[in-house]
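A single chain, nothing else alongside it, follows as structure tokens in the form predicted on its own.
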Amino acid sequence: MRTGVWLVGARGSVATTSIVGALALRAGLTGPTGCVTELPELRGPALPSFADLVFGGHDVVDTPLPKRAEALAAAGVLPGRLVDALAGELAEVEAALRPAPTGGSPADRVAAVAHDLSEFRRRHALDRVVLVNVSATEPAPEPHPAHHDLAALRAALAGPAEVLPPSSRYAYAAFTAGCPYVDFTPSTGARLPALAALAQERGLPYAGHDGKTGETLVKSVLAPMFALRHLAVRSWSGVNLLGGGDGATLAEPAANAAKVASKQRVLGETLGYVPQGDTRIDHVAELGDFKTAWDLVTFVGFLGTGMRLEFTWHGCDSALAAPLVLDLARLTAAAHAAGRTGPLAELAFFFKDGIDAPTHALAEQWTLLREFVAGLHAGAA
């Protein structure tokens, strides 16, 4: 099943690492460590292979993909030997990247994205294309009546005013072009009633949002532990230090607020209450593509005895996120092939704030994911 993966933010660190990783896997130059879909419980005939994935995408910057890969190798994110060995393949992907449409009316930009997606599918003889948003985090948009009604949204897009944030505009264009949509960011994306109606009209699945790669991944394991042991969490505070482009974007207050809201939701949903404390995100340019999170949890046990837990997470954001991007592209393509439409709640395992997620507990999300994939494989057998 030849599957296109169209990356929004295609020259960014996460996208570049995803592309290099997929090419290395296809060439047999690395193993699938970090790829959840390569676990024995999830492998099977429904998923496109890494060799079936074809990459394209949009970005607002024009640094060639091989140069971005070289920069990530110099920063210790990618092995330099892989970048050297895959120079020819990276040049081929570079030829499939396009400048992000920026001119004209909102309708013109939507049409340009839809055209690029359709042309990409035709040029590479693809069975389907999955659009994955890995671009910079956006602030939450101002509410607009057109967000709630598809007919009103179509009418509004014909005018000169911006009614959709960029991530939602990409979701609209993807659905218009017949492509499933995945949002790996905390941006709005397809989380608007009008876009849900468009996906339903076109018979398309979508997933999101905000990939779960570090501190929140740990929270989704620890919070259920406290709940199941009937321990009362009094406070949970965290400090996140990020470098790179994501850290610079999150230095902007509105984008920072959108990210923090996504990170905190797991506690209230899992514990059944919101403990004291908050999560803070600071930009430290010196960290580059790496991030550090420090959390302090205070809790009360039997007879009111107070206790505390601290943990520190040091991670490489791109190396943690990239295999999940590949997983999501494969799973969403398989869901599309199986005729699934609407939000893929079973993919909440991958997200901080999964759309229609029935639970935020990682173990329960894993069970839902395993059952979902088993159904896909049964249908493809």
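Since we're looking at a predicted model, the values are computed, not measured. In case it trips you up, residue 1 is the first one in the sequence shown, and so on.
Below, we refer to the form predicted in complex with a further copy of the same chain, which is not included among the displayed structures.
Mapping the unseen interface onto this chain, L320 counts among the residues with a heavy atom inside 4.5 Å of a further copy of the same chain in the predicted bound form. Residue contact check for T341: none of its heavy atoms lie within 4.5 Å of a further copy of the same chain in the predicted bound form. Although the partner is absent here, R128 sits far enough away that none of its heavy atoms falls within 4.5 Å of a further copy of the same chain in the predicted bound form. Shown alone here, G9 lies farther than 4.5 Å from a further copy of the same chain in the predicted bound form, counting heavy atoms only. Only one of 115-123, 227-235, 96-104, 199-207 lies within 4.5 Å of a further copy of the same chain in the predicted bound form by heavy atoms, and it is 227-235. Checking A111, L150, A73, L296 against a further copy of the same chain in the predicted bound form, a heavy atom within 4.5 Å turns up for just one residue: L296. Shown without its partner, this chain lists A87, A155, A285, V274 as candidates; in the predicted bound form, only A285 has a non-hydrogen atom within 4.5 angstroms of a further copy of the same chain.
Not one of F55, V373 and A378 places a heavy atom within 4.5 Å of a further copy of the same chain in the predicted bound form.
Contacts between 292-315 and a further copy of the same chain, taken as any heavy atom within 4.5 Å in the predicted bound form, involve T292, W294, L296, T298, F299, V300, G301, F302, L303, T305, G306, M307, R308, L309, E310, F311, T312, W313, H314, G315.
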